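Here we start with a single chain on its own, the form predicted alone, put down as structure tokens.
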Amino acid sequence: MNTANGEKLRWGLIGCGWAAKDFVAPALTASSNGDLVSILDPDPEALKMFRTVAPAAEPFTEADAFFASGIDAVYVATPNHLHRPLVEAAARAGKHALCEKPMALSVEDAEAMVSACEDAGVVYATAFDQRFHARHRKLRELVEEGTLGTICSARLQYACWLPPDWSPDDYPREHDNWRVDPSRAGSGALFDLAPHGLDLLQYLLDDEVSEVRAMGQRRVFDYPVEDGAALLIRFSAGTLGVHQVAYNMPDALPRRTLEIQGTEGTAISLNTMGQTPGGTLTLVSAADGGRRTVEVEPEEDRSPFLLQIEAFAGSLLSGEPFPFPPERDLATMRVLVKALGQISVGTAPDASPAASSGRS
């Protein structure tokens, strides 16, 4: 691929919310093989916030001017209902697209996004950054090498605290908590958190989901989407999985736990799910119950956002295929939508004590 400057991928960022400000823009700016040159948001105030994290990026409020600004690829970091029109717009403009999860609000929208990129000859990928966390990569190696023996089960808890009026700490403007609006988010905790878990489990096991059963709840918060869900999963090789997601777990509690259990041992990964590097990976031996901490190389223990962005840019610059094709993401989207069709939520308790405590 020939980029505008011949050496680095020129990135455009669409959407200036808190996650883009705190994680995506810093990763794009720090990338060794890319430059963040343009940012797009219809809100001028949102663009102003990015002066501190992307001072060299040119701000745009109009899409046509943004796509004409000499960029090679876009990172789509908008509410979910905008993913399809923006990816399709990028495809029409001849720009590659790395899009936040979930892909879209429906399987039909997700398929249309992939088709638009294929027809335009550009690359589409979903931003499943947990594939690139250093300890998740190490855990996949343990599974591949047979260290754990025959894999029997996997358990993943990914949760947070998200009250209806949630806003990031020190956010300089009134925050729109669109994640609890079904028209823009698609659902609640299921659509927001389970895509990462479903993709990660398939990556770690090098397997596909063959069956899913799901239940949802509206236990604490009285908004029109679920504040928790549990998925029971069967993988093609026979491994069983349990995946819990929640918006109703205070952040001080243990809420990000991953376990892979096999006949030779169990791997326990704590506090690795999320936007940052770090956490711990422990291997428990089935022979004697002994525990040892599995270390990763310091140079690999970096932001999963940054590692993903560099991998995507590297594939485009080299002409090599991105190792996670969109067909894989579409399969995960189908599982997610099937699970959503199975859940039912009740009414939150009146004046729930938990609904007025905790911070995110």
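A residue's number is simply how far along the shown sequence it sits, counting from 1. For clarity, every value in this text was computed on a predicted model and none was experimentally measured.
This next part talks about the form predicted together with a small molecule, which is not shown.
The shortest heavy atom separation between residue 80 and the small molecule in the predicted complex is within 4.5 Å. When contacts are judged by a 4.5 Å heavy atom cut-off, residue 179 counts as touching the small molecule in the predicted complex.
In the predicted complex, the small molecule stays beyond 4.5 Å of every heavy atom belonging to residue 335.
Remark: residue 188 does not count among the residues lining the small molecule in the predicted complex, judged by a heavy atom distance of 4.5 Å or less.
Partner contact region in the predicted complex: 189-197, out of 249-257, 110-118, 189-197, 138-146, criterion any non-hydrogen atom within 4.5 Å of the small molecule. Listed residues 313, 27, 37, 40 were compared with the small molecule in the predicted complex; 40 is the one with a heavy atom within 4.5 Å. This chain is displayed alone, yet in the predicted complex one of 123, 230, 86, 268 has a heavy atom within 4.5 Å of the small molecule; that residue is 86.
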